[in-house]
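Okay, here we've got a single chain as C-alpha cells, the form predicted alone, with questions on binding and movement later.
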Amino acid sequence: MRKLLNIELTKLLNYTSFKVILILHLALFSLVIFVSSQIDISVPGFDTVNFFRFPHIWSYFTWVASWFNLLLAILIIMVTGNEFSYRTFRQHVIDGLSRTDLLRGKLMVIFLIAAYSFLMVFVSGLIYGLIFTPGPGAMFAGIETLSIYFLQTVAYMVIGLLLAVLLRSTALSIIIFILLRFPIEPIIRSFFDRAARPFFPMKSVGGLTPMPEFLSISSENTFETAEGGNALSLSEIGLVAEGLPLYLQVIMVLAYTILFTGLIAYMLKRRNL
C-alpha cells in the first residue's frame, strides 16, 4: 500500500494541473464563504449571521462546498486520462503492478482528495463558527453532515473515474460528466414517475447535501409551530419538494459507489491498457 501511495504522490506532485485545480478549489470555496459572511441582513425576526453559527454552519458550509465537487471530479478525470495518454498504466503493469493495484492507487488518490476537502470544510467551519457563535456549546451538533459530504465527494470522483476509464478521453469524459449533471440525467428523469426520480445516480449523490432551510435558519425559533417545527421551513410551505430519507440516500450512494468501482475494476481487467 505504501508503495502504491508513493507512486501516486510522485506523479501528482509533479503534475502542475493537479496543484492548480486544488488551489482553485480552495480559493473559490474560501471566496464564497468570505463574501457571504460579509452579507449581514438583520431585521426583526431574521438574521443571516445564523448561517455562520453552530450548528447551522455545518449544513451551510457542506452545501457551498458541494458546488465545487465538479472540480474534484474533473481533476480525477484529468489524472486518469493522463495515465492512458502517456501509457502509464501499461508501464506500471510491465513494471510488476497488477491491474487491481492500478485501481487501488486511483482509489487512494480519491480518498486523499476527499480527506483534503473534508478538512477544508471542517477547519473553515470551526474558524467561522467560533467567530460568529456567542458560545461553543453546540460546536459539534450536526457535524455528521461532514461525513455525508465526504461520501458525496468520493462518489462524484468515482463517477469521474468511471467515465475516464470507459471513454479514455479526458476532454470527452469531462464534457459527458458535466452534461450528465445537466441536462442528460434530468431529461431522462423527466420520463419517469416522480417517485422514481430521486433514485438516479446524480440526483441521489447531489441530494446528500441539500440546500439549507434559509428562512427557518435565519429566523431561528421566531416562527416556531405548535409541533416544534418552523413555520417558514421551505419544505413545509411547499417551496422545496421533500426528498428521500437521509439514510436511504446514503445507502443508495454507497451502493452506486460500490457498483461503479466494480465496473471500473472489470474494465481495467478486461480491456487493453
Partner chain sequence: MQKILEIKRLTKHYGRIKAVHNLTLEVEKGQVFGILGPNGSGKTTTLSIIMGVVHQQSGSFSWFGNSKSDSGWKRDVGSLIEVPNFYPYLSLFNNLKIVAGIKELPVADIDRVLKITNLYSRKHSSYSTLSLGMKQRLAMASVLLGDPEVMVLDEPTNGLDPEGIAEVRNIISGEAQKGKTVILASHILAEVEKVCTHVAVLKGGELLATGRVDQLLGGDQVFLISAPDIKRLEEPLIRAGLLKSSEMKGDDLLITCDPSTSSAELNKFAFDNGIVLSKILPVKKSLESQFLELVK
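Bear in mind the structure is a predicted one, so any value in this text is a computation, not a measurement. Residue numbers count along the first chain shown, from 1.
The same protein also has a form predicted together with its partner chain, omitted here; what follows describes it.
Flag Ile131 as yes or no: does it have a non-hydrogen atom within 4.5 angstroms of any non-hydrogen atom of its partner chain in the predicted bound form?
No, Ile131 stays farther than 4.5 Å from its partner chain in the predicted bound form.
With the cut-off set at 4.5 Å between non-hydrogen atoms, does Leu5 touch its partner chain in the predicted bound form?
Taking the distances in the predicted bound form, the answer for Leu5 is no, it never comes within 4.5 Å of its partner chain.
According to a 4.5 angstroms non-hydrogen atom cut-off, is Leu172 in contact with its partner chain in the predicted bound form?
Although its partner chain is absent here, Leu172 would stay clear of it in the predicted bound form, with no heavy atoms inside 4.5 Å.
Since only the chain is shown here, I'm wondering whether Arg90 would be in contact with its partner chain in the predicted bound form (any heavy atom pair within 4.5 Å).
Because a heavy atom of Arg90 falls inside 4.5 Å of its partner chain in the predicted bound form, the answer is yes.
Pick the stretch from 118 to 126, 181 to 189, 139 to 147, 97 to 105 whose residues have a heavy atom within 4.5 Å of its partner chain in the predicted bound form.
Single hit among the candidates: 97 to 105.
Its partner chain in the predicted bound form: within 4.5 Å of a heavy atom of each of Tyr15, Tyr86 and Arg270?
Every residue of the spot touches its partner chain in the predicted bound form.
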